[in-house]
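Taking the form predicted on its own, here's one chain by itself in structure tokens.
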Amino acid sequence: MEMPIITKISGPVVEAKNIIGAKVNEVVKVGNEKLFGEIIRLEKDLATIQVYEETAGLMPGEPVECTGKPLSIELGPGLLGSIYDGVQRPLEVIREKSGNFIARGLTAPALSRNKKWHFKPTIKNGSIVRGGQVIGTVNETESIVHKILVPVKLNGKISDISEGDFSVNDVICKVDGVEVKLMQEWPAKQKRPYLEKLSPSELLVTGQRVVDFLFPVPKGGTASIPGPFGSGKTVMQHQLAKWADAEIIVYVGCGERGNEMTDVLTEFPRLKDPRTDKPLMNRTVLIANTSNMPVAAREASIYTGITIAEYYRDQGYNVALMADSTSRWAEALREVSSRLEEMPGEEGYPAYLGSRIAEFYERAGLVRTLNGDIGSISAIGAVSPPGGDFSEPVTQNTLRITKVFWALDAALSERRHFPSINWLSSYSLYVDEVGQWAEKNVSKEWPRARAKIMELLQKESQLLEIVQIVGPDALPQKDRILLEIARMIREDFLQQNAYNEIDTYCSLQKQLGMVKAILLFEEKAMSIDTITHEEIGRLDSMKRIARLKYVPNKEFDAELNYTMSLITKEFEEIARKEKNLKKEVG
């Protein structure tokens, strides 16, 4: 039998002949340097290989070695706090071997083979177990208990299980004679099974007012953040990763600029988890595949991230997955597709673009796991449409799948209004479900208050169209007052400073309190016939509403009560003057 050899090289795509007995998606080692690749097409003994490393210098005639395994992700203790590239190579370990630049053909195990973990079984010898069942625990970090699962397809009687210190490669027990280790592998492009998919309703609290209050995403929901360059997508993703109410964070930097990933890599280890006061990295996995790294590995990074997220979901955790950005992932698909000489679809993207995006987002959701626990993956993907054109294929295909759309607006970002989410273009299809949850868990006033805020913002939009034609002076005083109140909603509530220690995160109770103050102000202002918008602008209560966002949580209730009483007092004084004036005129 002839040795498999390279016959053709086209960028990251390589063709090889004499490939016998291999399968599609099988991992291969390409060339003398054993570059990491994956078979993506087979025709008789000819294989088309996607190489996950730089192919410069590769030559026809060099050997190809088949491994017999698909692209698989190592799952086990040690994932949290790690930084990987798109194909799960540990960047810190590789840096120790090759310096600041990854040498070609260099690889290392994703999980350390030397570190010992203390395993505590939760099940006894002789018990009958099934795939996906929890059989023990390991304290992976100070924040997270790692639950060891029976491999999915394995069922039977457990034996030789005992407490002790093990590496990820050590055998911890046997199930019907089959060895079980702390670590298991799973094909990246195959979704992990579960018992049942459930309908999500519990709010994923992000601490971002425009998100939580107006356009919420639940635990197990899907959301997209499209926006042009400079509109704040990455900062928004960072905020969600820092503050989202999820036990596990998986952050995929997919084709983003190196300096943006550097911000994440340097900032996250310094951040304290608001729940535990421990480093946020204790419950975070970072996947860094920047724009200057091989394009094929960028395509794999999304699957690496979602597979790790599914593994922690199967342990019963709520996982938040940030993908920044799926446009760069789609560009990688387009480049590889063109090298394969496939028929291009719209704007050169492959015809299967929509189905690949759907496959990714459909792996999110709220599920009942094989162990019977409830776990979730909330997938939030940034989209970077060229020139902010939301009609381009990646944005449109994403919108068909995701149920939350946070439309970032270049005009808002130019006015320094952040988060620059346009409240007229954005939507959430989870509003009713989350509203019912908020009624039970926050306040019965939540749905009504949200509806009123949206109504005022929509009225403002209609009035601004009239203002552009006739000018503001032609509007009745009531309409000019409404514009002033809508400005309060925009500037005092929706606008939020990610770099302010207090304003960077806003609790649900504080959000509702701020809204109640604004709506009380609106109610009192609209009840007085003769008041002018100039008079409103001079009220102390308006200034105090503007400062509510900067009041610490401990002091907020007292400040809110004072502000509400001041609103009532000031408008009662104005109403008294109006009444006296009517008497004098009468």
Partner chain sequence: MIKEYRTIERAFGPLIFVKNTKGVKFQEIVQIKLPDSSVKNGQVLEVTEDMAVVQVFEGTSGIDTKNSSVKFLGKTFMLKVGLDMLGRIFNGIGKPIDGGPEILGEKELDINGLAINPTSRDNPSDFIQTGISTIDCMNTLVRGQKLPIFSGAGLPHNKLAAQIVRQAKVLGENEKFAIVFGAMGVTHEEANFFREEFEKTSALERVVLFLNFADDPAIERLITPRIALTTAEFLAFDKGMHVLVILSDMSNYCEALREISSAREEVPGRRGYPGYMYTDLASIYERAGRIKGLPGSITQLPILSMPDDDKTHPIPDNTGYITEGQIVLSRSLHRQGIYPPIDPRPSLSRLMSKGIGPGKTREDHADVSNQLYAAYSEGMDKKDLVAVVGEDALSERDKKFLEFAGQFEKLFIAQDFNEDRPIEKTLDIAWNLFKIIPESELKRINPKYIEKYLPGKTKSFEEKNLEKDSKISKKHKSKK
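This is a predicted model, so every value here is computed, not measured. Positions refer to the first chain, counted from 1.
In what follows, reference is made to the form predicted together with its partner chain, a form of this protein that is not presented.
Within 4.5 Å of its partner chain in the predicted complex, a heavy atom is found for none of Gly21, Cys66 and Glu362. Contact with its partner chain in the predicted complex, judged by any heavy atom within 4.5 Å, is made by just one of Lys153, Arg487, Lys272, Lys440: Arg487.
This chain lacks the partner; the member of Leu512, Leu203, Ile161, Met293 within 4.5 angstroms of its partner chain in the predicted complex by a non-hydrogen atom is Met293. In the predicted complex, Glu414 approaches its partner chain with a heavy atom inside 4.5 Å. In the predicted complex, its partner chain sits within 4.5 Å of a heavy atom belonging to Arg257. In the predicted complex, none of the heavy atoms of Leu429 sits within 4.5 Å of a heavy atom of its partner chain. Interface residue remark: Asn25 is not counted as part of the site for its partner chain in the predicted complex, having no heavy atom within 4.5 Å. Residues within 4.5 angstroms of its partner chain in the predicted complex, judged by any non-hydrogen atom, belong to 89-97 and to none of the other stretches in 107-115, 213-221, 143-151, 89-97. Along 203-242, residues Gly227, Pro228, Phe229, Gly230, Lys233 each place a heavy atom within 4.5 Å of its partner chain in the predicted complex.
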